[in-house]
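Shown here is one chain on its own, the form predicted on its own, set out as structure tokens.
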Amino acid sequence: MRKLIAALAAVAVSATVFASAGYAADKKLTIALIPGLTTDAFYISMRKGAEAAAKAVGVDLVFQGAPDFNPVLQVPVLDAVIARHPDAILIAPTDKNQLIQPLKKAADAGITVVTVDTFIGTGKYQTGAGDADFPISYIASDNILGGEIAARALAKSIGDKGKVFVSNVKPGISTTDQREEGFKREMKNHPGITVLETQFNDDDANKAASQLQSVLARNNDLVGVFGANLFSALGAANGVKQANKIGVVKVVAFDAPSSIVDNLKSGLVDIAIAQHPAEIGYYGVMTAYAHLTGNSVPTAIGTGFTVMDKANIDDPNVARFIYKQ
């Protein structure tokens, strides 16, 4: 963690120094941020962090995205942004494979590419191997570790025994794939827990709620669910509520919108893993700026997360990581 903080600080300091020295005074740089979707509090918080960084170093920030997390909708947005030819693109790719070639167009056009939150290919960049190593950096939470922590929290809350399942979006999304991977990896250390088949909800909270009730109908001894993203978690929690199983089926949520406060206090959700999206946006801009002004940057930067529960949600040091609209 200390090395991570040092790396982040180095990027910010070097970028700020070059900005104040007028390194790029002959040209005001433009950086575009393309979120996974525009309506999610996670990406709204990311935008605010990016705006703070853009203001600090004096670059123009363009924010443009689609209303749904879908590569079919994201690619035309990306093409439109490429046509404007910004100096850099920060993007949360909505599919780790389908966005490779569209983003390659940006790189081939001389546009610096940084992936934020999600990645393309394997997420290993600047290796000289594969067709998806061209972005200069990947900035995100450690999603595998986040999944592991979610599993440990759920295991503890259910007494290390019983049936649980993962409510996920769909295969092929780098972050939620990793969260599920981390969750299942950790659950192998808990032999008293059975992990049922993953339910994919296509980022539809209503579908996630229905799936929870269907799984419960087939397994009346279900005791837990891990929602691998915002809509999966809120949908599963609503499914628990509709089935009158609050406190019986424990819910662990990945992500922390403002609604998570009431859900934690009421017991509908037992624990939430909050990412730090504002940090992701902030360091995304700083990384792109540092690169554009002649500095070397890390090929991967991991931002932190905060574990929230009923006992700590009123602590200002915890509550400040709730995603802001």
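Numbering starts at 1 and follows the sequence shown. Quantities reported herein were computed from a predicted structural model and do not represent experimental measurements.
Keep in mind the form predicted together with a small molecule is missing from the figure; the text below concerns it.
The small molecule isn't shown here, but in the predicted bound form which of Q178, Q211, T118, Q74 has a heavy atom within 4.5 Å of it?
Filtering the options by heavy-atom distance leaves T118.
Partner-contacting position among L230, L222, L154, A106 - heavy atom within 4.5 Å of the small molecule in the predicted bound form:
Checked against the cut-off, the match is L230.
Listed range touching the small molecule, judged in the predicted bound form by heavy atoms within 4.5 Å, from 107-115, 243-251, 230-238, 192-200:
Going by heavy atoms within 4.5 Å, the stretch is 230-238.
For the three residues Y43, D255 and Q275, verify that every one has a non-hydrogen atom within 4.5 Å of the small molecule in the predicted bound form; reply yes or no.
Result yes, every residue of the spot touches the small molecule.
Report yes if any heavy atom of Y282 sits within 4.5 Å of a heavy atom of the small molecule in the predicted bound form; otherwise report no.
Contact with the small molecule, no.
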